[in-house]
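Given as C-alpha coordinates, the chain that follows is alone and in the form predicted alone.
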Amino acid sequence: MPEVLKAPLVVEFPFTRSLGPVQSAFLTGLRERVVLGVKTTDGRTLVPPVEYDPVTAEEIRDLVEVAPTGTVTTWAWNHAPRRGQPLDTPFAWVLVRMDGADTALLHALDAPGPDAVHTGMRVRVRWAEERSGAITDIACFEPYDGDPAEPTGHSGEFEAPITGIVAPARLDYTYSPGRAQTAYINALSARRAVGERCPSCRKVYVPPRGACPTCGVATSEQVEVGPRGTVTTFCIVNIKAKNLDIEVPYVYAHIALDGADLAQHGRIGGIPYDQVRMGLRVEPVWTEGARFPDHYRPTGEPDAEYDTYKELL
(Lines give C-alpha, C1' and ligand atoms only; values in the text may rest on other atoms or scores of the structure.)
Protein backbone atom coordinates (compact mmCIF):
# COMPACT_ATOMS: atom_id res chain seq x y z
CA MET A 1 0.00 0.00 0.00
CA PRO A 2 1.35 3.47 -0.83
CA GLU A 3 1.90 5.84 2.04
CA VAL A 4 -1.22 7.78 3.00
CA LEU A 5 -0.69 11.50 2.55
CA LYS A 6 -0.95 14.10 5.29
CA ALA A 7 -0.15 17.79 5.43
CA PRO A 8 -0.54 20.76 7.77
CA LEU A 9 -3.40 23.07 6.82
CA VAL A 10 -4.44 26.52 8.01
CA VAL A 11 -7.90 28.03 7.62
CA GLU A 12 -7.75 31.74 8.43
CA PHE A 13 -10.05 34.69 7.81
CA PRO A 14 -11.08 37.98 9.46
CA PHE A 15 -14.49 37.81 11.12
CA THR A 16 -16.32 41.15 11.00
CA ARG A 17 -19.39 41.83 13.10
CA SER A 18 -21.40 44.86 14.12
CA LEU A 19 -22.28 45.45 17.76
CA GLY A 20 -25.61 46.21 19.35
CA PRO A 21 -25.91 48.72 22.19
CA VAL A 22 -25.08 46.20 24.94
CA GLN A 23 -21.96 44.68 23.39
CA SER A 24 -20.87 48.12 22.21
CA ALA A 25 -21.03 49.45 25.77
CA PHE A 26 -19.22 46.39 27.16
CA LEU A 27 -16.26 46.62 24.77
CA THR A 28 -16.08 50.41 24.94
CA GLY A 29 -16.04 50.07 28.72
CA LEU A 30 -13.05 47.73 28.56
CA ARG A 31 -11.26 50.36 26.51
CA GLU A 32 -11.92 52.80 29.38
CA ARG A 33 -11.00 50.23 32.11
CA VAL A 34 -14.63 49.74 33.12
CA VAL A 35 -16.31 46.31 33.39
CA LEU A 36 -20.01 46.43 32.56
CA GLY A 37 -22.72 43.83 32.94
CA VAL A 38 -26.42 43.86 32.18
CA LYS A 39 -29.19 43.42 34.73
CA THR A 40 -32.14 41.12 34.08
CA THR A 41 -35.72 41.75 35.17
CA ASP A 42 -35.30 39.31 38.08
CA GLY A 43 -32.25 41.20 39.36
CA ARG A 44 -29.37 39.05 38.12
CA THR A 45 -26.28 40.77 36.71
CA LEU A 46 -24.74 39.01 33.69
CA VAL A 47 -21.05 39.47 32.88
CA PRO A 48 -20.21 39.31 30.04
CA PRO A 49 -23.50 40.98 29.11
CA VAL A 50 -25.97 39.63 26.57
CA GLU A 51 -28.76 41.35 24.65
CA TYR A 52 -31.48 38.86 25.62
CA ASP A 53 -32.30 37.22 28.94
CA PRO A 54 -31.21 33.55 28.65
CA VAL A 55 -34.19 32.48 30.78
CA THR A 56 -37.06 34.62 29.49
CA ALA A 57 -35.64 35.69 26.08
CA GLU A 58 -36.62 39.29 26.92
CA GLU A 59 -34.46 42.07 25.48
CA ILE A 60 -32.32 43.61 28.24
CA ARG A 61 -30.35 46.85 28.14
CA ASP A 62 -30.00 47.90 31.80
CA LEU A 63 -26.22 48.30 32.06
CA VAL A 64 -24.50 48.15 35.44
CA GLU A 65 -20.84 48.43 36.38
CA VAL A 66 -19.18 45.64 38.37
CA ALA A 67 -15.84 45.56 40.16
CA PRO A 68 -12.57 44.62 38.38
CA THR A 69 -11.99 41.99 41.11
CA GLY A 70 -13.60 38.59 41.40
CA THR A 71 -13.51 34.92 42.37
CA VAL A 72 -12.39 31.90 40.34
CA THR A 73 -15.27 29.46 40.00
CA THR A 74 -13.39 26.82 37.97
CA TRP A 75 -10.14 26.55 36.02
CA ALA A 76 -7.90 24.46 33.75
CA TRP A 77 -4.13 24.71 33.35
CA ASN A 78 -2.68 25.41 29.90
CA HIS A 79 0.80 23.88 29.78
CA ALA A 80 1.59 24.94 26.19
CA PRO A 81 0.08 28.24 25.03
CA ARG A 82 -0.58 28.51 21.31
CA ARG A 83 -0.13 31.41 18.95
CA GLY A 84 -2.61 34.20 19.59
CA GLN A 85 -3.52 33.16 23.14
CA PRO A 86 -3.46 35.82 25.89
CA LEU A 87 -0.09 34.82 27.38
CA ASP A 88 2.98 33.19 25.85
CA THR A 89 3.94 31.39 29.09
CA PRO A 90 1.91 28.60 30.76
CA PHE A 91 -1.25 29.97 32.38
CA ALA A 92 -4.67 28.94 33.64
CA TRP A 93 -7.94 29.34 31.83
CA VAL A 94 -10.37 30.55 34.49
CA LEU A 95 -14.02 31.38 34.89
CA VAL A 96 -14.19 34.46 37.10
CA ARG A 97 -17.34 35.75 38.75
CA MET A 98 -16.70 39.47 39.04
CA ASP A 99 -17.70 41.11 42.32
CA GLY A 100 -21.26 42.25 41.73
CA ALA A 101 -21.98 39.71 38.98
CA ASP A 102 -23.99 36.49 38.99
CA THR A 103 -22.26 34.81 36.04
CA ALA A 104 -18.62 34.14 35.21
CA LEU A 105 -16.27 35.55 32.57
CA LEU A 106 -13.74 33.32 30.77
CA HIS A 107 -10.18 34.63 30.52
CA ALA A 108 -6.56 33.82 31.33
CA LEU A 109 -4.97 33.88 34.78
CA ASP A 110 -1.26 34.63 35.09
CA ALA A 111 -0.03 32.25 37.77
CA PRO A 112 3.39 30.62 38.43
CA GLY A 113 1.98 27.11 38.16
CA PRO A 114 -1.09 24.90 38.64
CA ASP A 115 -0.38 24.55 42.35
CA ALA A 116 -0.97 28.30 42.70
CA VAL A 117 -4.50 28.08 41.27
CA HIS A 118 -7.62 26.92 43.07
CA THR A 119 -11.36 27.37 42.91
CA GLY A 120 -12.37 30.22 45.17
CA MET A 121 -9.12 32.18 44.78
CA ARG A 122 -9.40 35.92 44.49
CA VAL A 123 -8.21 37.68 41.34
CA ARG A 124 -8.28 41.08 39.68
CA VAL A 125 -8.10 42.42 36.15
CA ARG A 126 -4.72 43.29 34.69
CA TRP A 127 -5.44 45.86 32.02
CA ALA A 128 -3.55 45.94 28.73
CA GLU A 129 -1.32 48.98 28.29
CA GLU A 130 -2.89 49.74 24.92
CA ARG A 131 -6.64 49.22 24.64
CA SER A 132 -8.85 49.38 21.57
CA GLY A 133 -12.26 48.12 22.66
CA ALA A 134 -11.83 44.34 22.65
CA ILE A 135 -11.82 41.49 25.16
CA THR A 136 -8.01 41.60 24.91
CA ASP A 137 -8.14 44.97 26.70
CA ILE A 138 -8.17 42.67 29.71
CA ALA A 139 -4.61 41.39 29.35
CA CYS A 140 -5.36 38.67 31.91
CA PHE A 141 -6.35 38.17 35.53
CA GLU A 142 -3.78 38.06 38.32
CA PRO A 143 -3.92 36.78 41.93
CA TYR A 144 -5.27 39.34 44.38
CA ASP A 145 -5.49 39.28 48.18
CA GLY A 146 -6.91 42.74 48.83
CA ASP A 147 -10.41 43.96 49.54
CA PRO A 148 -13.03 43.88 46.78
CA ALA A 149 -12.64 46.90 44.51
CA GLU A 150 -15.49 49.36 44.36
CA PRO A 151 -17.18 50.17 41.03
CA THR A 152 -17.03 53.81 39.97
CA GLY A 153 -20.74 53.93 39.20
CA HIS A 154 -20.28 54.42 35.47
CA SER A 155 -23.51 54.85 33.50
CA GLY A 156 -22.35 52.95 30.42
CA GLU A 157 -22.43 56.06 28.23
CA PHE A 158 -19.16 56.76 26.39
CA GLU A 159 -17.81 59.10 23.78
CA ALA A 160 -16.75 57.44 20.51
CA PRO A 161 -18.33 54.06 21.30
CA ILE A 162 -17.10 50.90 19.57
CA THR A 163 -19.66 49.91 16.95
CA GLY A 164 -17.97 46.93 15.28
CA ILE A 165 -15.05 44.56 15.62
CA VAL A 166 -12.85 42.52 13.31
CA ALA A 167 -11.69 39.32 14.98
CA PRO A 168 -9.16 37.02 13.29
CA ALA A 169 -10.33 33.42 13.06
CA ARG A 170 -7.70 30.73 12.51
CA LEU A 171 -7.68 26.94 12.61
CA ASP A 172 -4.41 25.00 12.40
CA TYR A 173 -4.65 21.27 11.85
CA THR A 174 -3.07 18.29 10.10
CA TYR A 175 -5.24 16.78 7.40
CA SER A 176 -4.98 13.25 6.02
CA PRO A 177 -7.15 12.49 2.98
CA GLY A 178 -7.13 8.76 3.67
CA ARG A 179 -6.35 5.83 1.41
CA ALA A 180 -8.86 6.52 -1.36
CA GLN A 181 -8.15 10.21 -1.81
CA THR A 182 -4.40 9.63 -1.50
CA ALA A 183 -4.67 7.45 -4.61
CA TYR A 184 -6.75 10.16 -6.30
CA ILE A 185 -4.16 12.86 -5.51
CA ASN A 186 -1.26 10.67 -6.62
CA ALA A 187 -3.05 9.99 -9.93
CA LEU A 188 -3.51 13.73 -10.48
CA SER A 189 0.28 14.13 -10.42
CA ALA A 190 0.28 11.97 -13.57
CA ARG A 191 -2.61 14.03 -15.01
CA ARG A 192 -5.10 11.22 -14.52
CA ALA A 193 -8.41 11.18 -12.66
CA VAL A 194 -9.40 8.05 -10.77
CA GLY A 195 -12.45 7.19 -8.73
CA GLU A 196 -13.76 4.14 -6.94
CA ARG A 197 -16.78 2.02 -7.83
CA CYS A 198 -19.34 0.94 -5.26
CA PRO A 199 -19.67 -2.88 -5.31
CA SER A 200 -23.39 -2.54 -4.58
CA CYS A 201 -24.90 0.29 -6.64
CA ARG A 202 -21.96 0.36 -9.12
CA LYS A 203 -21.68 4.16 -9.00
CA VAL A 204 -18.20 5.64 -9.54
CA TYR A 205 -17.30 8.39 -7.09
CA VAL A 206 -14.73 11.05 -8.00
CA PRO A 207 -13.01 12.11 -5.84
CA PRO A 208 -13.31 8.72 -4.12
CA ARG A 209 -14.36 8.68 -0.49
CA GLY A 210 -13.42 5.13 0.49
CA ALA A 211 -17.07 4.27 1.00
CA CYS A 212 -20.32 4.71 -0.91
CA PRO A 213 -22.36 7.50 0.71
CA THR A 214 -25.59 5.87 -0.50
CA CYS A 215 -25.02 2.20 0.28
CA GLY A 216 -22.60 2.64 3.18
CA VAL A 217 -20.22 -0.05 1.95
CA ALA A 218 -16.47 0.22 1.44
CA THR A 219 -15.14 0.89 -2.06
CA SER A 220 -11.85 -0.37 -3.42
CA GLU A 221 -12.23 -0.98 -7.18
CA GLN A 222 -10.33 1.85 -8.86
CA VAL A 223 -11.77 3.32 -12.07
CA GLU A 224 -10.09 5.86 -14.34
CA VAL A 225 -12.48 8.55 -15.57
CA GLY A 226 -12.37 11.54 -17.90
CA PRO A 227 -10.36 13.45 -18.79
CA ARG A 228 -13.30 15.10 -20.60
CA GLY A 229 -16.58 15.89 -18.94
CA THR A 230 -19.87 17.76 -19.01
CA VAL A 231 -20.90 20.97 -17.23
CA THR A 232 -23.96 20.05 -15.19
CA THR A 233 -24.52 23.43 -13.53
CA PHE A 234 -22.48 26.56 -12.87
CA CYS A 235 -22.28 29.98 -11.26
CA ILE A 236 -20.77 33.29 -12.38
CA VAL A 237 -18.34 34.82 -9.87
CA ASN A 238 -18.39 38.62 -9.77
CA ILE A 239 -16.42 39.27 -6.58
CA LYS A 240 -12.63 39.12 -6.81
CA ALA A 241 -11.09 36.81 -4.21
CA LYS A 242 -8.09 37.94 -2.22
CA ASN A 243 -4.78 36.45 -3.43
CA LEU A 244 -6.49 34.85 -6.46
CA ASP A 245 -5.17 36.25 -9.73
CA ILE A 246 -8.29 35.70 -11.83
CA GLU A 247 -10.17 38.57 -13.40
CA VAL A 248 -13.88 38.74 -12.72
CA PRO A 249 -16.36 37.75 -13.89
CA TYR A 250 -15.44 34.10 -14.27
CA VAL A 251 -17.31 30.80 -14.03
CA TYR A 252 -17.09 27.90 -11.58
CA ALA A 253 -18.99 24.79 -12.57
CA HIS A 254 -19.93 21.31 -11.52
CA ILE A 255 -18.28 19.01 -14.05
CA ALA A 256 -19.21 15.36 -14.42
CA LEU A 257 -16.15 13.62 -15.83
CA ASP A 258 -16.92 10.90 -18.35
CA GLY A 259 -17.48 7.66 -16.44
CA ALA A 260 -18.10 9.36 -13.09
CA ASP A 261 -21.36 9.42 -11.14
CA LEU A 262 -20.49 12.48 -9.09
CA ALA A 263 -19.77 15.98 -10.41
CA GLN A 264 -16.77 17.94 -9.12
CA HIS A 265 -15.84 21.62 -9.05
CA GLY A 266 -13.75 23.29 -11.73
CA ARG A 267 -13.21 26.71 -13.25
CA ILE A 268 -14.26 27.20 -16.87
CA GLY A 269 -11.95 29.13 -19.20
CA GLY A 270 -11.34 29.59 -22.88
CA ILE A 271 -14.88 30.85 -23.44
CA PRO A 272 -16.72 34.08 -22.55
CA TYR A 273 -18.42 33.71 -19.18
CA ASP A 274 -21.84 34.42 -20.67
CA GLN A 275 -21.49 31.54 -23.14
CA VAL A 276 -21.00 28.83 -20.50
CA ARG A 277 -24.04 26.58 -20.35
CA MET A 278 -25.34 23.33 -18.96
CA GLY A 279 -24.31 20.41 -21.12
CA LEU A 280 -21.13 22.11 -22.37
CA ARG A 281 -18.42 19.55 -23.09
CA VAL A 282 -15.06 20.46 -21.53
CA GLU A 283 -11.52 19.14 -21.05
CA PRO A 284 -8.83 19.93 -18.46
CA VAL A 285 -6.03 22.46 -18.99
CA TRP A 286 -2.90 21.79 -16.96
CA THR A 287 -0.10 24.16 -16.03
CA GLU A 288 3.51 23.08 -15.67
CA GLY A 289 4.12 21.26 -12.39
CA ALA A 290 0.48 21.54 -11.24
CA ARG A 291 -1.14 18.64 -9.38
CA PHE A 292 -4.64 19.50 -10.58
CA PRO A 293 -6.14 21.13 -13.67
CA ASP A 294 -5.90 24.92 -13.74
CA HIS A 295 -9.27 25.11 -15.50
CA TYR A 296 -11.47 23.38 -18.05
CA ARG A 297 -12.08 24.59 -21.61
CA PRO A 298 -14.62 23.64 -24.31
CA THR A 299 -13.74 20.59 -26.39
CA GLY A 300 -15.72 21.73 -29.44
CA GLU A 301 -18.01 18.71 -29.24
CA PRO A 302 -21.77 19.10 -29.40
CA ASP A 303 -23.42 19.76 -26.05
CA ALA A 304 -24.45 16.70 -24.07
CA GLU A 305 -28.12 15.80 -23.99
CA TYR A 306 -29.82 16.76 -20.71
CA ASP A 307 -30.92 13.18 -20.03
CA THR A 308 -27.26 12.08 -19.91
CA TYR A 309 -26.45 14.23 -16.90
CA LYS A 310 -29.74 15.14 -15.22
CA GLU A 311 -29.07 12.65 -12.40
CA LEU A 312 -25.77 14.41 -11.63
CA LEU A 313 -27.17 17.88 -10.94
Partner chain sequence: MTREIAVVAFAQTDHRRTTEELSEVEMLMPVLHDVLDQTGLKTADIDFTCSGSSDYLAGRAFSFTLALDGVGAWPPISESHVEMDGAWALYEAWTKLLTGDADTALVYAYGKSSPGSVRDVLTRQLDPYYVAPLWPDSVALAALQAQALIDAGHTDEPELAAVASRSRADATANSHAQLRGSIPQGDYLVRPLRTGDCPPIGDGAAAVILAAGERARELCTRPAWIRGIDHRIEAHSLGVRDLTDSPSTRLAAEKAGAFERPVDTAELHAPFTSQEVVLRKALGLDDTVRVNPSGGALAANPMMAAGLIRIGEAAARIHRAESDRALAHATSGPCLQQNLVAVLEGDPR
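Positions refer to the first chain, counted from 1. On a predicted model such as this, the values are computed, not experimentally measured, just so you know.
If you look for the form predicted together with the partner chain, you will not find it shown, but the lines that follow are about it.
J.: Is it the case in the model of the complex that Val237, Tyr252 and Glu283 each bring at least one heavy atom within 4.5 Å of the partner chain?
T.: The answer is no; none of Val237, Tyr252 and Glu283 reaches the partner chain.
J.: Does any heavy atom of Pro177 come within 4.5 Å of a heavy atom of the partner chain in the model of the complex?
T.: Yes - in the model of the complex, heavy atoms of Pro177 and the partner chain come within 4.5 Å of each other.
J.: With heavy atoms only and a cut-off of 4.5 Å, decide whether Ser132 touches the partner chain in the model of the complex.
T.: Heavy-atom contact with the partner chain at 4.5 Å: absent for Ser132.
J.: With heavy atoms only and a cut-off of 4.5 Å, decide whether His107 touches the partner chain in the model of the complex.
T.: Result yes; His107 sits at the interface with the partner chain in the model of the complex.
J.: Should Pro112 be classed as touching the partner chain in the model of the complex when contacts are defined as heavy atoms within 4.5 Å?
T.: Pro112 lies outside the contact set for the partner chain.
J.: Looking at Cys201, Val217, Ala160, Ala190, which is the one with a non-hydrogen atom within 4.5 Å of the partner chain in the model of the complex?
T.: Filtering the options by heavy-atom distance leaves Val217.
J.: Note which of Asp147, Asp172, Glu150, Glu221 lies within 4.5 Å of the partner chain in the model of the complex, where distance is taken over heavy atoms; exactly one does.
T.: By the 4.5 Å criterion, the partner-contacting residue is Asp172.
J.: Based on heavy atom distances of at most 4.5 Å to the partner chain in the model of the complex, which listed stretch, 88 to 96, 226 to 234, 122 to 130, 151 to 159, is the contact stretch?
T.: So the stretch in question is 88 to 96.
J.: Under the 4.5 Å heavy atom criterion, name the residues of 4 to 21 that approach the partner chain in the model of the complex, in sequence order.
T.: Going through 4 to 21 in order - heavy atoms within 4.5 Å of the partner chain in the model of the complex - the hits are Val4, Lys6, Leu9, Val11, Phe13, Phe15, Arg17, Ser18, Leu19.
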